[in-house]
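Single chain ahead, by itself, as structure tokens, in the form predicted alone.
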């Protein structure tokens, strides 16, 4: 029987299992915050989440607030949370297509929310509005003009944010940086196509992927580790489970560094 990855001397997995942290920063590119009507979270406040993130060695969590997504809160309040934890939190400006005036106002404020605001967040499935619908256009054009990331919830063959509509949008806006939340979970053919048939402007994000064996290995083989971003959906999933899933995958330590750290720094810079 071969030695388990986490027992192999000198590996990142062994380092993490022994010390609880890695010798480089981890960037979680898909988080949330706040309570949610559908589930109870033990840790959903800025304080409890910060404690957990620091314990796991996460340098930055890029998140969108549940209450913004649900229309109960504005993005300005999220910027104030980030100001209280300037070393840790970065925000995606949540885009709610039902409120076009709010979108206009929030995009106008984007520069004032830097360095905390790093991009936009879309959840087409929540609103049952396809990402190709014109109600998303102001935000898509804004991100395209500024070469900003858009973290888009994607899933399988959804008519709202599945493979065909995401491919259409990513090709139409070649300068925007599309982070595919959940990597079009289950529709791996289109996940690969989106990376390979666009203008180098698509990355696959791993939330939910570590929950099944060999998915990480499969995605690395299909698109390369340079096109994969680490994310957890915190507080829905746990940082240690997510990091452990990457470190336990049968890929090289160099691939693991790309996913957990290097790719985020390549896209956003080391000082973001």
Partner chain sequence: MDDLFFFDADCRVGSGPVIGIQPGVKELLAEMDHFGIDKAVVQHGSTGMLGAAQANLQIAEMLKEDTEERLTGIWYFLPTQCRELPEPDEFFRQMKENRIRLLALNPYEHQFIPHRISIGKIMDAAKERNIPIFLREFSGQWRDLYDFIERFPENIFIYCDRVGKWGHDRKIRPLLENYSRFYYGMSGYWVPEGIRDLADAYGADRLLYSSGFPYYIQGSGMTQLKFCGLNEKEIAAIAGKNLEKILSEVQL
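Just so you know, these numbers come straight off a predicted model, no measurement behind them. Numbering follows the first chain given and starts at 1.
Note that the form predicted together with the partner chain isn't included here; everything after this is about it.
(request) Name the stretch: of 233 to 241, 22 to 30, 218 to 226, 59 to 67, exactly one has residues whose heavy atoms fall within 4.5 Å of the partner chain in the predicted bound form. (result) Single hit among the candidates: 233 to 241.
(request) For the three residues 55, 126 and 245, verify that every one has a non-hydrogen atom within 4.5 Å of the partner chain in the predicted bound form; reply yes or no. (result) Checking in the predicted bound form: 55, 126 and 245 are all within 4.5 Å of the partner chain.
(message) Test of understanding: in the predicted bound form, would residue 185 fall inside 4.5 Å of the partner chain by heavy atoms?
(response) Because a heavy atom of residue 185 falls inside 4.5 Å of the partner chain in the predicted bound form, the answer is yes.
(message) Taking any heavy atom pair closer than or equal to 4.5 Å as contact, tell me whether residue 5 reaches the partner chain in the predicted bound form.
(response) It does: once the partner chain is placed as it appears in the predicted bound form, residue 5 has a heavy atom within 4.5 Å of it.
(message) When the contact criterion is heavy atoms within 4.5 Å, does residue 46 count as touching the partner chain in the predicted bound form?
(response) Answer no; every heavy atom of residue 46 is more than 4.5 Å from the partner chain in the predicted bound form.
(message) Under the 4.5 Å heavy atom criterion, name the residues of 8 to 27 that approach the partner chain in the predicted bound form, in sequence order.
(response) Counting only heavy atoms within 4.5 Å of the partner chain in the predicted bound form, the contacting residues of 8 to 27 are 16, 17, 18, 19, 20.
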